[in-house]
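Next up: just one chain, as structure tokens, the form predicted alone.
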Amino acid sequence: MAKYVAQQTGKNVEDVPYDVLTSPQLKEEFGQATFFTATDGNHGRGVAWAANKLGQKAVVFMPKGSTEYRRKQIENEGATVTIEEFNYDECVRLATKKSKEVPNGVVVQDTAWEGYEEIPNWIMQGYGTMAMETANQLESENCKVPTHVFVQAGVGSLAGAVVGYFTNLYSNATKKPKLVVVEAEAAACLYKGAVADDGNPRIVEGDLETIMAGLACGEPNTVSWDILRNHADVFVSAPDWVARLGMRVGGAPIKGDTPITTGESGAVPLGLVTAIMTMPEYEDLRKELELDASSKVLCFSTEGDTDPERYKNIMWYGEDR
């Protein structure tokens, strides 16, 4: 959003620090815009927060099944928020449609389609910051090259940024890490595209019901799909129990390990690693991935307890939803 404001005012984003970006002078120069987005929570909350700081409007559409707590958190940032009666991908279409009906309407979405690539690319660059910070942390811990990287995917923007970053970073490594992309089984569009193995993306339709609400996306980002189909080693379609397992292992680890509060959409990489390493039925996958006691595994988590009540119900009471 900062890059968009800078672009519209003829500036480079490097020349617009936060205090200038949020100043009355720049708002007067830029004018009034309305930023539209679709989200289950995290992305929309970020858009709403940024719009609030910029003195702009935000309109956020949430898919069927989104929790009232997450809706309220976005509303608290000053956005207009509604929970719709259809899935995430339909919410993206609604955001795009509504943006054309108001003066200076702008879609801020992390999924790309033909004719809409620039802003998604910027968002993927932002995700790349997380990969860069992680690589720096690994270096400081004397783990120059992990053996495996597990990352979750919805539309695939985060996964594309992470896979693209580490592919480039370790391009000259003697042994490159295995890059594993995991999706919610109910919305495994990237997995289905990989299985088809014809280079074309696949779409998953329907309600996309899963506790991994942040990954409940049935239509892949066309830009990130290009990266993932060429560079990811393995795609996994994971049922909800894998995410719940990851939440519990993170929150109640082996004695001496630091507990990690990780929400449903953040926990599935850790849950997948745990399942592969501890359940005999996944021995073939363990061997295929060459996972063993000497492995150095990097898992990404994309959220904490963004809905504390749901987190508690899963962790304490074993509820499925």
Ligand SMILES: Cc1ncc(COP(=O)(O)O)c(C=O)c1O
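For clarity, every value in this text was computed on a predicted model and none was experimentally measured. In case it trips you up, residue 1 is the first one in the sequence shown, and so on.
Another form, the form predicted in complex with the named molecule, is not on view; read the next lines as being about it.
> Pick the stretch from 252 to 260, 55 to 63, 38 to 46, 286 to 294 whose residues have a heavy atom within 4.5 Å of the named molecule in the predicted bound form.
Of the options given, it is 38 to 46.
> Quick one: of 191, 150, 225, 127, which gets a non-hydrogen atom within 4.5 angstroms of the named molecule in the predicted bound form?
When the named molecule is considered in the predicted bound form, the option within 4.5 Å is 127.
> Using heavy atoms only and a 4.5 Å cut-off, determine which of 218, 214, 164, 120 is in contact with the named molecule in the predicted bound form.
Checked against the cut-off, the match is 214.
> Closest heavy atom of residue 155 to the named molecule in the predicted bound form, within 4.5 Å or not?
Judged by the heavy-atom cut-off of 4.5 Å, residue 155 is in contact with the named molecule in the predicted bound form.
> Can you tell me whether residue 302 touches the named molecule? I mean in the predicted bound form, with a 4.5 angstroms heavy atom cut-off.
It does: once the named molecule is placed as it appears in the predicted bound form, residue 302 has a heavy atom within 4.5 Å of it.
> Which residues in 87 to 110 have a heavy atom within 4.5 Å of the named molecule in the predicted bound form?
Going through 87 to 110 in order - heavy atoms within 4.5 Å of the named molecule in the predicted bound form - there is one hit, 110.
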